[in-house]
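Just one chain is shown here, as structure tokens, and it is the form predicted on its own.
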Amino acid sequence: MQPYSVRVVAGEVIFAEGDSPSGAYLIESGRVELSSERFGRPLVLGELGPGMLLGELAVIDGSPRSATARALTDCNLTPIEARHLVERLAAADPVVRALLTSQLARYRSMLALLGGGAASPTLSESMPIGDAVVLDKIRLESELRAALDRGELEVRLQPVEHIVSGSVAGYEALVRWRHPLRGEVSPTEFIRLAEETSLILPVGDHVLARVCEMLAELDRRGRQPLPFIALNVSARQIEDPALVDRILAHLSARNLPPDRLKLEITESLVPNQRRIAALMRRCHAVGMHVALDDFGTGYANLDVLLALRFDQVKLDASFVRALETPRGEAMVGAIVATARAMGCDLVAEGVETSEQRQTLHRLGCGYAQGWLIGKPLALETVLAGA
């Protein structure tokens, strides 16, 4: 077993140029000099101090040590096993991993040229990019930025039915992207990509503006009562203190009541209860409603419904599919009763058969959404069917 910490005295060589990489170190205290032999003379490459990593580059690409590390002062070092670094790198975001490996390949080439040798293999030969997955992800991010500029992102409306009356009470806004070459890009793919970057903010603003335009058009066409439109918000949007003010500005500019735009917060975000609670207080103060999306997917416990006063709970489609079993029906019945006791409306997602709808009606579920009720539609189609 490796020691938790090792002591190195001033002047001691920690590893030498050309050594095989057995691991890396975190410098806890002291100073370390890195040097390399160039044309028969030592060349000082740099000096490292507390909080810095030492020897990690050779571990990452499995190359011999490219420099000698010598303690300038007495040092305390925490050893890091090679396999731990490799495991973390393998688990990292593929784009970050590709960028790191690219920089490392250039560094190796530079060292080789400084030593009078040939340059290292080209990036395409040395970088385990993978499979074109990483490059494709980088391209897709760039293309998504361009799609925003070109207005290629389309917002569609999926109807939400009031089960007792059979009327459409509102819609959920769903963003779609038809790429000029790829065709329809999976929302799961590009939304996840946007959430990994700051792109989710302009995407969110684009959807918000379009939803408010849609509500205004429904109002102009005389849709009474005016249906609500539910808008999904991401973790980054929840962190934005100006989000509600921006929503209100869009609504006010079109003379729309705040209660016609509903925010949906996916269950995976509920661990951030403090931020969500602040957002909900702000929404409720101006008359906007907030829904808990994908309820039952494994992140939230019932205490979330106690701690956060959601106006609506959206039951995940997996529960609707389970209605054909006695156990599944009993579970949905319990959730219906819980939502009613909490004063929440319940929307069942993923309703695809009339049998599912009938069972939900019998259990007392208020609203249904899914392909039986209607697929996501362009606004023109919604207006044509009004």
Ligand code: C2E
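What you see is a predicted model, and the numbers here were worked out from it, not measured in a lab. Heads up: residue numbers just count along the shown sequence, starting at 1.
Keep in mind the form predicted together with this ligand is missing from the figure; the text below concerns it.
**Student:** Looking at the partner-bound form in the predicted bound form, is Pro187 within 4.5 Å of this ligand by any heavy atom?
**Tutor:** Answer yes; at least one heavy atom of Pro187 falls within 4.5 Å of this ligand in the predicted bound form.
**Student:** Residue-level question: is Gly350 within 4.5 Å of this ligand in the predicted bound form, judged on heavy atoms?
**Tutor:** Answer yes; at least one heavy atom of Gly350 falls within 4.5 Å of this ligand in the predicted bound form.
**Student:** Report whether the minimum heavy atom distance between Gly366 and this ligand in the predicted bound form is within 4.5 Å.
**Tutor:** No - in the predicted bound form, heavy atoms of Gly366 and this ligand never come within 4.5 Å of each other.
**Student:** Examine Thr101 and determine whether its closest non-hydrogen atom to this ligand in the predicted bound form is within 4.5 angstroms.
**Tutor:** Outside the cut-off, so no.
**Student:** Using a 4.5 Å cut on heavy atoms, which of Arg176, His284, Arg145, Arg223 is close to this ligand in the predicted bound form?
**Tutor:** None of the other options qualify; the answer is Arg176.
**Student:** So this ligand isn't shown here. In the predicted bound form, which residue out of Glu161, Asp311, Glu267, Glu264 has a non-hydrogen atom within 4.5 Å of it?
**Tutor:** Looking at Glu161, Asp311, Glu267, Glu264 one by one, just Glu264 meets the 4.5 Å heavy-atom criterion.
**Student:** Tell me, please, which stretch of 214 to 222, 232 to 240, 250 to 258, 78 to 86 lies within 4.5 angstroms of this ligand in the predicted bound form when heavy atoms are compared?
**Tutor:** It is the stretch 232 to 240.
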